[in-house]
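Below you will find one chain, with nothing else, as structure tokens; this is the form predicted on its own, and questions on how it binds or moves follow later.
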């Protein structure tokens, strides 16, 4: 039996069947999501060939974050920019790899604004660890300058998603109603629906964080972790640790299996490491639609008003009850 017969619904079909939920979009919303899927296929092909065509290494550049740019980072960034530009659906883009907002020329400009991390986890490329693309979609604002389209609270997103390039290529997206997962069939070149209406488990089974950062954590983190780990007793081990080091891969595993991801604010600098626009907002939007929650430690991620394109923040994301528990520890221990 073919994969199409097993799963039936392709990404394009799924998007089109939900088109009536966005009547104001006049077809551009569906087109945009489909084109993001196309970009994901192109990037997946390059990821599979990375070692063969010697794109593993560094370009010699640094991005606006001060990080070394990998060759595959640049390929993914350029691929997304070009596909989105040509889609006719996008007016403004912002990328973690670009200093400034990218304005699409008027003759190709559309109704939406997209912020993206073209290749999250790229430090893991040489080790063949799962990496991915994260994206956030907003409606274009009337008569606003380029960056203003993007300096908006995450709650104004109309869609968000990610693509993981690992043992299989999967695309997960939400339009604010459900979170649905599609897997790429290399034979047909189509994304097929494999997990519909994904939802967080109410109980945390997995903790995801880099415990070697313990000396730099604020005071609340260690007692909070003791509380979570204290759920393990002689009767059963109820919580385990899994940390991949690619945010999008950690997030996806936790969504599927029930986990809590933490990247606290650094106590030395008072700021987080993860990017609000390109990583935290889209994943927080997905988490909330899936019945979870996301906080920066002192409130809801989606309520944060960005002040710059490359703003950083702390992140606690997972089951509602344990995100709320973390916030209580922040209030009590600082």
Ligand code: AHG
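All values reported here derive from a predicted model rather than from experimental measurement. Numbering follows the first chain given and starts at 1.
Beyond what is shown, the protein has a form predicted in complex with this ligand; the following relates to that form.
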* Structure fact -> With a 4.5 Å heavy atom cut-off to this ligand in the model of the complex, the contacting stretch among 37 to 45, 289 to 297, 303 to 311, 275 to 283 is 275 to 283
* Structure fact -> From 90, 164, 179, 247: within 4.5 Å of this ligand in the model of the complex by heavy atoms is 247
* Which pick from 112, 200, 135, 261 sits with a heavy atom within 4.5 Å of this ligand in the model of the complex? -> 261
* Just to confirm, residue 121 within 4.5 Å of this ligand in the model of the complex by heavy atoms? -> yes
* **Partner proximity in the model of the complex: residue 128 to this ligand, non-hydrogen atom cutoff 4.5 Å** => no
* Asked: Is there a non-hydrogen atom of residue 240 within 4.5 angstroms of a non-hydrogen atom of this ligand in the model of the complex?
  -> no
* Asked: Might residue 222 be said to contact this ligand in the model of the complex, defining contact as any heavy atom within 4.5 Å?
  -> no
* To do: Quick one: name the residues from 89 to 109 with any non-hydrogen atom within 4.5 angstroms of this ligand in the model of the complex.
  => 96
